[in-house]
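The chain that follows stands alone, in the form predicted alone, written as structure tokens.
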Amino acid sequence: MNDFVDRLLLQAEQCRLMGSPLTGALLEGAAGDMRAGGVVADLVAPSLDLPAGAVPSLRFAGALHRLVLEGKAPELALHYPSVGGTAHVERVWPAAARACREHLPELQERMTHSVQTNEVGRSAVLFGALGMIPGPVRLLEVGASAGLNLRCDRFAYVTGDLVLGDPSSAVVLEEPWDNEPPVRHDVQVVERRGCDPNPVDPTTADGRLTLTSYVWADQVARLERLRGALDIAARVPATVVQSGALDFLTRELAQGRDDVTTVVWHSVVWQYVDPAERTAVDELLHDVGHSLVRISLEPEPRSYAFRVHATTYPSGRRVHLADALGHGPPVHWTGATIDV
């Protein structure tokens, strides 16, 4: 139990550092309640054996948010900006504790679902990197969730007086880069495919609710980006299949195309992939005989830093393209380029 309390406190600190004092207060309150043998101890009892990589703390936060979004916790909703409330961080936990007691079995069931944070802000990384690649791109995403970032070229990126991407887009990323934009070519995505162990359908009511529940409720800009991306997903098709990374890439890369550059993209997902599968994917990409680029946004081990790397194949040349936050902006480009 003490280990789970520590996880809650660590995630609370991370949430605060990433601009969500409300989620930090919720998780800190849950840790204190659990330490005192309160309702949280009962709620998470079936989840105590979940590995840290399954982020049970964020499963808990997402389960509470879903209650609010479904209108089942009106008192708690008063503290959630996502539904028009005001984030009184010093008063949110008592209301959350009452919601936990009233909806204990439902919350326990929601804790069995994996976190699906299809963070649209990460498209600031992907679009910037794709702008270094000339010609049409075939985009393959590992851990795609609902595939929202597969539509990155349909978003607008505003930097000063310059608007890149789609100026009429429902998704607008304001000043996503803190130095000169790296885009040198028009971004042309001609194929969009992804995989996920538990894909979410963004065109359904349940899928939209699931994705919204995992966005921290006091981060209104992220919620607005998500809602815009859901609108785009209803009009711009992308295929996300239920599959692991190795099986998906083996099938897709067997269909080599000389008329496009194939880009394999993953963001904040590699930590969830089994180490043996990660090694097998690395070997597969090195063995591909046609033009291929791998772009990744992943956390550095044992730190809060997120790095953007690009690897070109078959040469295997790897460069550090940028630094970013876990949710994407602001992105700082290093000056390195992708040599296709």
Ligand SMILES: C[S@@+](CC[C@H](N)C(=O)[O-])C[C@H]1O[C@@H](n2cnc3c(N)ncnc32)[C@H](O)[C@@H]1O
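Not measured: the values here are computed from a predicted model. Quick note: we count residues from 1 along the sequence shown, nothing fancier.
Just so you know, the form predicted in complex with the named molecule exists too; it's not on screen, but the next bit is about it.
Engineer: Where does the named molecule sit in the predicted bound form: which of 271 to 279, 304 to 312, 65 to 73, 39 to 47, heavy atoms within 4.5 Å?
Structural biologist: In short, 271 to 279.
Engineer: Check whether Thr239 has any heavy atom within 4.5 Å of a heavy atom of the named molecule in the predicted bound form, and answer yes or no.
Structural biologist: Taking the distances in the predicted bound form, the answer for Thr239 is no, it never comes within 4.5 Å of the named molecule.
Engineer: Indicate whether the named molecule has at least one heavy atom within 4.5 Å of a heavy atom of Gly143 in the predicted bound form.
Structural biologist: The answer is yes: Gly143 has a heavy atom within 4.5 Å of the named molecule.
Engineer: Spell out, yes or no, whether the shortest heavy atom distance between Gln116 and the named molecule in the predicted bound form is within 4.5 Å.
Structural biologist: Contact check for Gln116: yes, within 4.5 Å of the named molecule in the predicted bound form.
Engineer: Test of understanding: in the predicted bound form, would Asp196 fall inside 4.5 Å of the named molecule by heavy atoms?
Structural biologist: Asp196: contacts the named molecule in the predicted bound form.
Engineer: In the predicted bound form, does each of Arg122, Asn149 and Ala245 have a heavy atom within 4.5 Å of the named molecule?
Structural biologist: Checked in the predicted bound form: all three residues contact the named molecule.
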